[in-house]
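In structure tokens, one chain follows: the form predicted on its own.
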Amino acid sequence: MTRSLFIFFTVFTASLCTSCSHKRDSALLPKPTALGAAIVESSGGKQTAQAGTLLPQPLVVQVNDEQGNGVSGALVQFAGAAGVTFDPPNGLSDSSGQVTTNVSVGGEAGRYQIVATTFDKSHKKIELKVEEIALGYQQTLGRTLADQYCQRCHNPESTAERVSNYDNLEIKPHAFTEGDTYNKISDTDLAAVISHGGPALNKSALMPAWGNTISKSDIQALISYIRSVSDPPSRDAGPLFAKN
């Protein structure tokens, strides 16, 4: 076989395999019976999980028509950066127009952009982008500390494991997701408030001092967690991973 013929055969075989792969992928997709006009998040965005693990709640998206009503039978596909997995990766919307998937974030700490895609009646692609948060080791430790010491006052929602004290406080604490507040406070000042209480920065005396309860390294882990969940993101929130 001549060199030119060998090169042609190699390129042709590669293109044939690629074509077959695309056909197989298309064959695996469920066939839509309807098309929508918009896709929106129903629930599951901006969750946190340790890097490389499953988010605590599924991501639910909804396909709507021009009037905002749910569309049944529309195809939705999910995609993300390398390392993000979906179960299932695609599906047809149910009777309420919704598709549900379980998402595992990638193995690196940071924010992961998830893209849900459907098509309208002109076969134009419609995308919804949401972000999920993957925590590193220090941030995961900070979340544990926040759950143990902070969330009873900083989170207004009660759970089966924790009754919120938020409504009983005259001065309401800020949720750790409130980036507009926390992004203006330096790490040094945050450490001072956590260690010595609210009066350290002329804040509410209802904020207790934790310096004799948790270590300096734990305080830094707590600050790292606060930075990771800030909305809007802080400059220390970590990288944003998105599908190329």
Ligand code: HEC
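Position 1 is the first residue in the sequence shown; the rest follow in order. Here the structure is a predicted model, which means the values were calculated and not measured.
Omitted here: the form predicted in complex with the ligand. The next part is about that form.
Among the residues P30, P56, G52, P208, the one placing a heavy atom within 4.5 Å of the ligand in the predicted bound form is P208.
The contact with the ligand in the predicted bound form, taken as any heavy atom within 4.5 Å, belongs to S204 out of N183, T177, Q47, S204. Put simply, H154 is close to the ligand in the predicted bound form: some heavy atom of it is within 4.5 Å. Proximity of L222 to the ligand in the predicted bound form falls within the 4.5 Å heavy atom cutoff. Contact check for A37: no non-hydrogen atom falls within 4.5 Å of the ligand in the predicted bound form. When the ligand is considered in the predicted bound form, I214 lines it closely, a heavy atom lying within 4.5 Å. Only one segment in the set 112-120, 144-152, 96-104, 74-82 has any non-hydrogen atom within 4.5 angstroms of the ligand in the predicted bound form, and it is 144-152.
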